[in-house]
Structures are given as structure tokens and as C-alpha cells.
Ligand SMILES: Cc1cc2nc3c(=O)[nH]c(=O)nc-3n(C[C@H](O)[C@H](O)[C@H](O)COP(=O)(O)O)c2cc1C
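The chain below stands alone, shown as C-alpha cells; this is the form predicted on its own.
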């Protein structure tokens, strides 16, 4: 199939989704015409593009078995006219549940034909020095599988003439989707005396939840629990407080330590 351009669109607070999509593109042997990082609110506020004879890699992390709400909202506003999509999700070694199906269905509702899809593993957002969950993933093996996935996508494109040649794509998940977890505002991040006011946490936060005027404290009413600010802090000055979320991190580290591998799916 004569695809004109490759595009990457991802929501990636801790950059794991970004790394996987970039490796898939490398495996395809294509250079992306556009890369749209919708992690920051100012990008999500812009009018989403319209895609024609294009291939779009769509990526997002999994939060409690679903897509992040802000990412899902942006993806739902895309428009495709004869374009193909490859939905990809990243999860923290527990389960991706309905997230991949949600992303595939969202893309198809926008007019995309789904060519392939993948679920990859990234270090869990709650992973830290106290409780480690899928540390340093995606690792070399994960990236190699993402590269190989890209190679297979490129091969598929050579075997089809138009979107009409693409069969249905089946991925795990259930519809109606599982109900999103409603935790409500939770003050779970402590800023220690090690904070030197460098401000690295400000652009790392996808929800503008960092209060620069209040010693870089987190505004609980805005926080989406992605922990990107904790992972980005060069001084290690942002830590998870004792409480429910740290309890979840402990449970995940104990119950989901066995390595899970990426899963890929192809249309037809």
C-alpha cells in the first residue's frame, strides 16, 4: 500500500510509551513526518489533525486497565480519511485489561482502519526505591520486540493495496469497558528538603499539578497519579508518602514480579 506519511501520536509522562513507538518506527525503516506528544495540556488543547493516506502510531499508558482520560479525549477527536492506525499501550507488568481495545475502538470510530496493535511493558509509575515494579522496562529485549513489530508492519503494508484489503483486528478486552477507578484527590507526594527549586518537575507534569509558589508541592485536585514528577526529579526530592498508593505499590511489587512479555496483534 502506498502510504504517504508516518505519524506518531503519544501520551507518555514517563517516556516509556514514547520509546516503544520510536522503536516501532525504526523497525519500519521510516522517518516520522510528524511527532505529536500530547502529554502536555497546551498540545492537547490544539485542534487535532486530519489524516489521509497515512499510517499513525497511537500510544498511551494504561491506568487501572483503561486509557488516561485526557489521552482518550484527544484520540477521540482525531479524523481519518483512508488512514491506517497501529494502537499501542504500555502497562506496568500487571494487566492492560480493556485499554488496548479502547484505543483500537477509539481509532476506528475516528475513521482509521486498524492494521496492527501491541501491548508492551514499561516500568510501573508507582515503582520506586522502596517497591520496584518492572524496573528499567522497556529494556533491550522489549525494544528489540518493538523493532521486530515495526518490521512486520512494514511487511504487511507491502502486501495490501488499500484499507479495504485489511481484515478485522481482534485484541483482548471487554466492552463495555471496566469502570474507571475513581480515587479522588489524594495528597501522596512529599517534597523533601533536598528540593533545590530546579523546576524540572514543572514540565514533567501532564496535569499542571505542580505549585511552584508553594515549594513545588503537588495540587491533589489536579494530579493524575502518573508519578512523572517523582521520576523526573534529579535530586530525588519528590517521594511517595506512606498511604494507600504506597500500599498499592507494595502489593504490585509482591504480586506482579514475574516478567510479562509484549503481545502483538495483526489484522486479518
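Numbering follows the first chain given and starts at 1. Note that the structure is a prediction, hence the values are computed from the model and not measured.
Although it is not shown, the form predicted in complex with the named molecule is what the next lines describe.
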Problem set entry | Listed residue that, although the named molecule is not shown, lies within 4.5 Å of it in the model of the complex (heavy atoms), from 62, 210, 57, 233 | 62
For this session: Identify, from the list 224, 32, 237, 217, the residue with a heavy atom within 4.5 Å of the named molecule in the model of the complex.
Result: 224
Exercise. Heavy atoms within 4.5 Å of the named molecule in the model of the complex: which stretch among 122-130, 163-171, 144-152, 75-83?
Worked result: 122-130
Exercise. Applying a 4.5 Å heavy atom distance criterion, does residue 15 contact the named molecule in the model of the complex?
Worked result: yes
Exercise. If you check in the model of the complex, is residue 93 within 4.5 Å of the named molecule, heavy atoms only?
Worked result: yes
Problem set entry | Interface membership of residue 108, the named molecule in the model of the complex, 4.5 Å heavy atom rule | no
For this session: Decide whether residue 140 counts as a contact residue for the named molecule in the model of the complex under a heavy atom distance cut-off of 4.5 Å.
Result: no
Exercise. Are there residues in 237-268 with a heavy atom within 4.5 Å of the named molecule in the model of the complex, and which are they, in order?
Worked result: none
